[in-house]
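A single chain comes next, written as structure tokens; it is the form predicted alone.
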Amino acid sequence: MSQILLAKPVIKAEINKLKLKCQEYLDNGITPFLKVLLVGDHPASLIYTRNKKKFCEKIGAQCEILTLDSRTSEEDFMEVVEGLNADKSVHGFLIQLPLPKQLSHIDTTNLVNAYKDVDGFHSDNISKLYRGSTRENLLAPCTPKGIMTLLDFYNIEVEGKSAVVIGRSLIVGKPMALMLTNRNATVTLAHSKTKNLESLCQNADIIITACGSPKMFTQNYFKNDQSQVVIDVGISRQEDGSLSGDCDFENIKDSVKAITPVPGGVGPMTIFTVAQNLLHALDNYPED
């Protein structure tokens, strides 16, 4: 029988570590403080930011959502960003994406100071991944970092395994490939132009889908011998209002060794890692 890789048991087991770490800072007169910059009222962004705030407060940290009008100018937006970067009381800072049309051209990658970058997108932090860092307190992108936490919790071995990552975004695919490589997996990074994708997946030990194509991956992509681990990062809303991942869960769940559900799999791990990164930011926060 396949193992369903739920996030809830992972978070239940790991959250006390975050609470204890947070309490250490509180005992020393420091309240870990996350600022989330939200521009407009994009429905999904409202949910994501509230969930981040709720989880941070659950571990004892402070989180404030700074909401700007959807018509905010680039000049005003940049002024707010600069202010948050300079505010020494703010230990972690993230810009919630997507930005509205008039700001969508802005490359936010390096806008947040590297030491406050709880999203893990800054080139200084990514370069550490590129150079092979496996430090737990590295400010790395939250979704792949959360996936590594989930794999470790369920004792899924990475070293020496063959992994296929489908999707090459800077948020998930590329950093995911680096993290797996740094843990001694042999990684293939696939994408929309990849040929023979079915064959690549069939020959992998670990398959991570992050392409945003609902129910694309059916049994024909897998060995169907209950030997493979599948991590589904994709999430799409169906016409009936239900959520679906990149994988046709019902179609393949009994054919693989382990699989994450959607919802309840990777998504909560991303939220967990935002709070984890906030505390890791404090580990290396400049004293002056």
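Numbers for residues come from their place in the sequence shown, where the first is 1. Values in this document were obtained by computation on a predicted structure and should not be read as measured data.
A second form of this protein, the form predicted together with a small molecule, is not displayed here; the remarks below concern that form.
For the candidate spot formed by Thr143, Arg168 and Ser192, every residue has a non-hydrogen atom within 4.5 angstroms of the small molecule in the predicted bound form.
Using a 4.5 Å cutoff between non-hydrogen atoms, Val233 counts as a contact of the small molecule in the predicted bound form. Proximity of Leu197 to the small molecule in the predicted bound form falls within the 4.5 Å heavy atom cutoff.
Interface membership of Ser213, defined by any non-hydrogen atom within 4.5 Å of the small molecule in the predicted bound form, is confirmed. Among residues of the shown chain, Leu278 is not one whose heavy atoms approach the small molecule to within 4.5 Å in the predicted bound form. Checking Leu94, Met148, Cys201, Val172 against the small molecule in the predicted bound form, a heavy atom within 4.5 Å turns up for just one residue: Val172. Remark: of stretches 233 to 241, 53 to 61, 26 to 34, 250 to 258, the one touching the small molecule in the predicted bound form is 233 to 241 (heavy atom within 4.5 Å).
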